[in-house]
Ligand code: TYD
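Quick heads-up: it's one chain on its own, the form predicted on its own, in structure tokens.
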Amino acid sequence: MSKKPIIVFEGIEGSGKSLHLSLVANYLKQKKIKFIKIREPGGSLNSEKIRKLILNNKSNFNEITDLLLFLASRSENINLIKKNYNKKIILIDRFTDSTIAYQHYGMGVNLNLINLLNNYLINDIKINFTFLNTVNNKNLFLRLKKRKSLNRYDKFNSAFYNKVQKGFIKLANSKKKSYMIVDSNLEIEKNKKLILNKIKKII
């Protein structure tokens, strides 16, 4: 595995993926290891503009429009990723598997279409490792209640989130060697130790 890998943090809302990514980023800072971190949607300047449009509570896009907006956001990030590929560790808060989990398993968009567009965009960029954060319904909604404001993707029902999470788990099981499932219902410190031990091996 590359010593400057692309490491992705996946999971549904309230699963702790962004928290875990921040813990890893802080660890890399302490070790003075070069890295960048981006989020999807978001990351680059233009991608952040698209993020605001996607997550705005007044937006009401159909499934295909949502897909294309997420991919437009990714397209704006590709140059940033390519610029740092194999030069710095790249931490990504959601990436291609989120598109499959949400748009295909959650919303029913054709998987072949998603794979075609994803593959076109990322081309020869290789994701080295993915942490999938899982959460039960009780903790999911407890954590969402604590947020100061909720965006459009924070307001789906439990049936939708269950479909998306099952999709994520299916993807994880098909790529076992490059995936770790993290039970975010457990204590943060326990998961922090688990994730950092794996990060040390990867880098």
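The first residue of the sequence shown is number 1, and the count goes up from there. Source: prediction; values computed, not measured.
Here the subject shifts to the form predicted in complex with the ligand, a form of this protein not shown in this document.
Note on the partner interface in the predicted bound form: the residue among Ile33, Ile169, Ile64, Leu55 having a heavy atom within 4.5 angstroms of the ligand is Leu55. The chain is drawn here without the ligand; in the predicted bound form, the stretch among 56-64, 148-156, 172-180, 24-32 whose residues come within 4.5 Å of it by any heavy atom is 148-156.
Taking the partner from elsewhere, Asn133 is found to have every heavy atom lying beyond 4.5 Å of the ligand in the predicted bound form. Proximity of Asn185 to the ligand in the predicted bound form falls outside the 4.5 Å heavy atom cutoff. Residue contact with the ligand in the predicted bound form: Lys17 places a heavy atom within 4.5 Å of it.
Interface membership of Lys37, defined by any non-hydrogen atom within 4.5 Å of the ligand in the predicted bound form, is ruled out. Shown without its partner, the chain has Phe70, Arg74 in segment 59-88 as residues with a non-hydrogen atom within 4.5 angstroms of the ligand in the predicted bound form.
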